[in-house]
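One chain comes next, on its own, written as structure tokens: the form predicted on its own.
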Amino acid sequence: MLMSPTVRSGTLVMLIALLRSPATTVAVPPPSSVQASAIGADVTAGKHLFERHCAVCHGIEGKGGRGPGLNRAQLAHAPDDTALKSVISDGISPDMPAGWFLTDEDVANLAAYVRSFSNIPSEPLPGDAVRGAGVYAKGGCSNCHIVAGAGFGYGPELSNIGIRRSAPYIRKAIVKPGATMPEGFLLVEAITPSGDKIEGIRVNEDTFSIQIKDATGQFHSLRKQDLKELQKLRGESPMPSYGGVFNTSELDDLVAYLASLRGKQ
């Protein structure tokens, strides 16, 4: 419908009056919780979340435990805040579980608190990493572990152990290996129908079968119903204690060496 010149003129005058009026405002909806977390995270809330869900592995002040210390400026798996939030949400298999139960706001708060650990200085280690490399060779550690492609892989690879584990945890694993076994690790002993004994690490298991990796690196797939005996040696480790093998100085050096292993940087 076409408006008359009079109506058009009246409409134009009304619009100009509204635009000039100082009382004219436009309603803006308040930011959502996700938008708010992007503006500024709550470090105190992040601290509570960390103490509840993360400190059991990373230590109450982020200095490490079962998991690595977080009190460093550069985190291997989280070079920036986006990557850090992704690690918190998705985890790192197999050591760190995913934080699927955390909201976006929780993740932002946790990330902010973890970043605050960079202000906490790392505690110096008493040993010497160069001498520790010699202790590693002397102890025959490469017979079971791989570092930078060298060695045998019956035990876990150690190329980046300094990122994955704290120095106190590494020391404990050397002195009391049975007390630091990763979740899901199980040493088993099977007796075959012919009477042969197969001892090794459980690789996989279901209702009917079990797969074992022995000390030579050979894999065995066995049907449970065919076995004469199957023992699960819970709490036992194939690694002997080196507490009485190395003296205190050698142990300090070995821990310093292993803590320095961070893979390709």
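Start at 1 with the first residue shown and count on from there. None of the values given here were measured: they were computed from a predicted structure.
The protein also exists as the form predicted together with a small molecule; that form is not presented, and the subsequent description refers to it.
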Classify Thr180 as contacting or not contacting the small molecule in the predicted complex by the rule of any non-hydrogen atom within 4.5 angstroms, answering yes or no. yes
Heavy atom of Pro97 within 4.5 Å of the small molecule in the predicted complex: yes
Interface membership of Pro240, the small molecule in the predicted complex, 4.5 Å heavy atom rule: yes
4.5 Å heavy atom contact, Leu70 to the small molecule in the predicted complex: yes
None of Ala129, Leu125, Leu75, Ile146 but one has a heavy atom within 4.5 Å of the small molecule in the predicted complex; the exception is Leu75
